[in-house]
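Just the one chain here, the form predicted on its own, laid out as structure tokens.
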């Protein structure tokens, strides 16, 4: 009897937790196709694509989604992956005293680089560089914030590459750049993919940095252009428009995940043949 009671309690708890997390997802699925959207989860009686048609007609929002977010996301992804690969290789192969301590300190301060408390000095720095209201300034700040954690992730992949491969290439007369390009980097491909996708997702969803550093509405990414679906007088959101735009906003990330999973199955292979 006691065991049965425990199972009932556990089942009720699991159902309650599952309902708590599934309810917003159900709203996210049904709301974009409902002409009369509310905050309650309701199955649309007559599903319609009118909300999506109206969102697609908003040139500012679509520019932020199809152009600005892509520029910022791809820029942060490429910059973070490249610099992290080079830095991780240097830390892994170099004899630096206190290397582990240095990495953990970088990770500790990585939360400060893009944090709210650091936005004033970051704004001042970007202003002095003349990069205010440019995508370049936003990308550089995002790379700076993502880089410490990216180096930490990438170093595990670099450490897994046997030094004997590099020593063999060195005996064959390869230069350090050739060794990194032709031997080490192909074996680091799993790490590069992981860091690249991680950086892209973080840059895609970033709000505070572009909101502060960008001034022109034409340069704002999709994460910020959500405000175009808010009533300027009352500040109330147009829920049906926000729901439809949210689907379009999350769709590229979902497609990227499916593409990588289909293409690689998250089973990456290095470029070294044994």
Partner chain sequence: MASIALSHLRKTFGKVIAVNDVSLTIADGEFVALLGPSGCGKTTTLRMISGLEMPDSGSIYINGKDVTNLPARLRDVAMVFQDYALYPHMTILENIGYPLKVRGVSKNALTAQVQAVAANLQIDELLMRRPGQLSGGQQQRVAVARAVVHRAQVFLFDEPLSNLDAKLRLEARAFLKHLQREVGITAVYVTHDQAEAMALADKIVVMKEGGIVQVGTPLEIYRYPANTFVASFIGSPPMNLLSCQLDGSQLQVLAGDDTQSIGIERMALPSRLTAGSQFTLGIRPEHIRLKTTPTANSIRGHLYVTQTLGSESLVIVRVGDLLITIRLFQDEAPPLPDVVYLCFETDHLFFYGQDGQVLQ
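Numbering follows the first chain given and starts at 1. It should be emphasised that the depicted structure is a prediction, and the values quoted were computed from it without experimental measurement.
There is also a form predicted together with the partner chain; it is not shown, and the following applies to it.
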query: Answer option from 86, 101, 78, 170, heavy atom within 4.5 Å of the partner chain in the model of the complex; finding: 170
query: Contact test, all of 165, 175 and 183, partner the partner chain in the model of the complex, heavy atom 4.5 Å; finding: yes
query: Interface membership of residue 187, the partner chain in the model of the complex, 4.5 Å heavy atom rule; finding: yes
query: The partner chain in the model of the complex: contacting segment from 175-183, 118-126, 198-206, 135-143, heavy atom within 4.5 Å; finding: 175-183
